[in-house]
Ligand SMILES: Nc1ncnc2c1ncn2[C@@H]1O[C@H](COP(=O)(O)OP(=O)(O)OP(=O)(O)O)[C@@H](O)[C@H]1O
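Starting off, we have a lone chain in the form predicted on its own, written out as structure tokens.
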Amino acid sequence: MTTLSHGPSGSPGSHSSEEGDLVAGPAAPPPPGVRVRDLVVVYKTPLGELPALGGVGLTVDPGTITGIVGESGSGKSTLALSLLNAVQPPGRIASGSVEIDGLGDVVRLDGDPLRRARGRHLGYVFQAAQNSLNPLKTIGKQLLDLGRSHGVADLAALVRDAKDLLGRMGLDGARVLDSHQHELSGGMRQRVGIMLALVLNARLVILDEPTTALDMITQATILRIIREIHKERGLTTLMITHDMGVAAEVTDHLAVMYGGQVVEHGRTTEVLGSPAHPYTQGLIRAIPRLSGDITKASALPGRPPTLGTLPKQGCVFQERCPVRMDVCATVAPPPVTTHGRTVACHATAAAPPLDGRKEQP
């Protein structure tokens, strides 16, 4: 991701002398684009190394909010951690690249350059905020530790910016910074996680299930905060979620994952309004209804695959697909992009284009 300011060379490791300048102003670089290419992540198991991501390709446009949805085990969080080159043993990135504007291929970073990139370039909000907070230190002390580890010269400015961010999220900044995590509610801890991801002016922010286990009112507040801060700070944002309603409310683009693959990707309104992949259609049919014919909601048959039960060849969705063809058992469908929508499905590729027009070359 892009840093707050580059040195003359523009290399990821260079920093300006204004390390303490934490306000995103006119000089701040534009939001970065992200290009994931042929990304393979494997986990070591008693059965050998098994793929959690099987050659993922995904392009995230600068300045957008992109949602990544799918059932548990589809590879969403593994993909998110790969963007930080933070996959931990027994997992590893086996091949592929993650190109981020202003930072280069994150997969090739390690050591001190990678540590500097996290936080100052790449902000991450964990699914369970309390798991990323030190229970023995106040939030303020953890904030100062973060600033020192990234060489921030003006720690007082860092604290002021943190208080401002917390205040805009409806919290008493001074009180929160003086609190331990157990003194804060789940919604407050989640907002603290967002503050810590933004306070160093990261330009690419990744949110892993930011509304999980929150009540509806707090969830709505968190989503409003995400939208406002994304717009005001000019960010590129990725949101991992299993909630299609959350994705519909917040995101501009939507990537649907299944079995370690992106099976459909496009504008959120188009993906939800006219889903092309059978898995996306099944996810939408499974959403409970509060009005109309409530019997129309139907669960997807079968179970999501695990690392050990993924098909060795062919389409990853073949065992649960209602439109399975013979070719699906032997040949993995290549992603086909038509008018900005990418779908990996033999049945869709054999059908007419979604809008009736001829496919563009």
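All figures in this text were calculated on a predicted structure; none of them were measured in a lab. When you see a residue number, it is the position in the sequence shown, counting from 1.
Unshown form predicted in complex with the ligand; subsequent notes refer to it.
Kindly check, after superposition on the C-alphas around the site, whether the ligand taken in the model of the complex would be blocked here (3 or more of its atoms within 2.4 Å of a backbone or C-beta atom) or open?
The pocket is open.
Out of Ser77, Gln219, Gln181, Asn85, which one falls within 4.5 Å of the ligand in the model of the complex, going by heavy atoms?
Going through each option in turn, the one that passes is Ser77.
Heavy atom within 4.5 Å of the ligand in the model of the complex - the one residue of Gly282, Gly104, Gly73, Gly96 that qualifies
So the residue touching the ligand in the model of the complex, by this definition, is Gly73.
Just one stretch in 77-85, 96-104, 196-204, 163-171 has heavy atoms within 4.5 Å of the ligand in the model of the complex, so which one is it?
The contacting stretch is 77-85.
Using 4.5 Å between non-hydrogen atoms, is Leu300 touching the ligand in the model of the complex?
Leu300: no contact with the ligand in the model of the complex.
Flag Val40 as yes or no: does it have a non-hydrogen atom within 4.5 angstroms of any non-hydrogen atom of the ligand in the model of the complex?
Val40: no, not in contact with the ligand in the model of the complex.
Is Pro90 close enough to touch the ligand in the model of the complex, meaning at least one heavy atom pair within 4.5 Å?
Pro90: contacts the ligand in the model of the complex.
Does Val60 reach the ligand in the model of the complex if we count a contact as any heavy atom within 4.5 Å?
No, Val60 is distant from the partner.
Within 4.5 Å of the ligand in the model of the complex, do we find a heavy atom from each of Val34, Asp110 and Leu238?
Not a single listed residue reaches the ligand in the model of the complex, so no.
Stretch 183-212 - residues with a heavy atom within 4.5 Å of the ligand in the model of the complex
Heavy-atom contacts within 4.5 Å come from Glu209 alone.
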